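Next up: a single chain in structure tokens, the form predicted on its own.
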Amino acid sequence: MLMAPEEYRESLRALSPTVYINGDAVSSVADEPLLTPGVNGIALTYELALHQQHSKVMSAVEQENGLTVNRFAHINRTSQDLLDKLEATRLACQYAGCAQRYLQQDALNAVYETTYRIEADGVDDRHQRFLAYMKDVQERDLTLGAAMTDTKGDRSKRPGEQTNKDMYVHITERRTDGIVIRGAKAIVTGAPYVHEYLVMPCRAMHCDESDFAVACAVPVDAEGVTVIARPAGRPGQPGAKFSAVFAQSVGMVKFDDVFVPWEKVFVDGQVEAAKHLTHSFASHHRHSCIGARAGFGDLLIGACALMLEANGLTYDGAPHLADRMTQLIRMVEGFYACGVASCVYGDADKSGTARPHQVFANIGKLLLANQIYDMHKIAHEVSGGLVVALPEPDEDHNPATAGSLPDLLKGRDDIPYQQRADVARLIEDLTASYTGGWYSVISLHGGGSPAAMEMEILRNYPVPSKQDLVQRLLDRGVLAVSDDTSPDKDPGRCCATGCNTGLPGPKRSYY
């Protein structure tokens, strides 16, 4: 059953997690002002799934059980599913900046693939166990937090070499009724206001590190779970035109001898399966990041266009600004195009899921990670100095100053001062505030550092086929045509006509 936004908020009030923000305990995450922008962001994903105009892309029928589910709780099986997920993420982030909940879908798909492998290896009915859990999540329309990134400690040491083993979440006890875990996960998106966590390993483990190869589901208010969170955006600040309404909180989640029953344990020592889970989640999540940052880019493009208009400028009259706007559009649609390509050429996993094409997904994520600062710079250049020179909103109500501000700080005569001021403050909030800096960092490191993407691109790109191509040209004198040439193996290309790798193709454009 699809929940409504207020039902989501009520479901949070029924929970009692241990959450701290700024040193204070939070009694109700649904009613905590410092978390309201983050709760709003998740609530938006519930609202869009029920919206007549957006329900087709924001909801889906789950093949496994026939349920109509939120897009972010769905298992991808076709190129169209991947494309719908990319569109849904972009759409939600156009409204919320970062919709947060797409991490849930990334995690569900990765664990689905992993448990399928474990069960296929004859370990037990692990996949059936996960399917039962997934159905419960979908029936209740829960939101899951992806608890993957460990605190890691000394980066030069492996998990088993750490002085404090709690730097990585690990199994401390295996019982007849379940397992006990300890450790901490850092940078858990939406940590205070999700229903449960999907705990996953953040790196490949060695055979002697099997206790660290664990994946399981843990309720947010389970005994022994503590969340230490940051405020979501800049709630309560008059100048925060965007992040006072929509933002996200991230938190460190501590697991202090937390018991997990077997029905919620999906990996417990299967090192190779855990390695697959880590790589699979990275592929799904980098694909999602492309859609998320495209939605954020849409906000910048629209705000810059409004600011140009308010300043009385046109593309014809200011060709240098037209050039900057073109650059911004090229960046946003360039990395999004890689996301679309990763859908079209998606890989068919043995479990029956569809996974974004590794090369295109990683290139798209690498592009956005490297270009996010350039996107901010262009927004600053196009919008002008008012973004940082504009007095704080309280001056609009100061009797000593308010009377002169509308006359002195407006642009075009037919555009009110307040319109120009609101757009300037929106751009400041998104690019030149605490929130703006935060968006830059999560764009750079979310889903892994740029170095991780570069490694995956090289690991998966068919460099040898390019070598063979050139060697064949040299062997036949470059110009001579040979009958025994085979089609060049570009990423996602399996034949001379460029068909995809086995997934049913998309049925409509990505707009």
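Numbering starts at 1 and follows the sequence shown. These figures come from a predicted structure and were not determined experimentally.
What comes next is about the form predicted in complex with a small molecule, which is not displayed.
Of the listed positions (288, 248, 362, 115), a single one reaches within 4.5 angstroms of the small molecule by any non-hydrogen atom in the predicted bound form, namely 248. Here is the short version: of 216, 277, 147, 368, the single residue with a heavy atom within 4.5 Å of the small molecule in the predicted bound form is 147. The partner is not drawn, yet in the predicted bound form one stretch among 438 to 446, 66 to 74, 38 to 46, 456 to 464 has residues with heavy atoms inside 4.5 Å of the small molecule: 438 to 446. For the chain shown alone, residue 189 is a contact residue for the small molecule in the predicted bound form, at least one non-hydrogen atom being within 4.5 angstroms. Taking non-hydrogen atoms only, residue 380 never approaches the small molecule to within 4.5 angstroms in the predicted bound form. The shortest heavy atom separation between residue 152 and the small molecule in the predicted bound form is within 4.5 Å. Residue 474 falls outside the set of residues with a heavy atom inside 4.5 Å of the small molecule in the predicted bound form.
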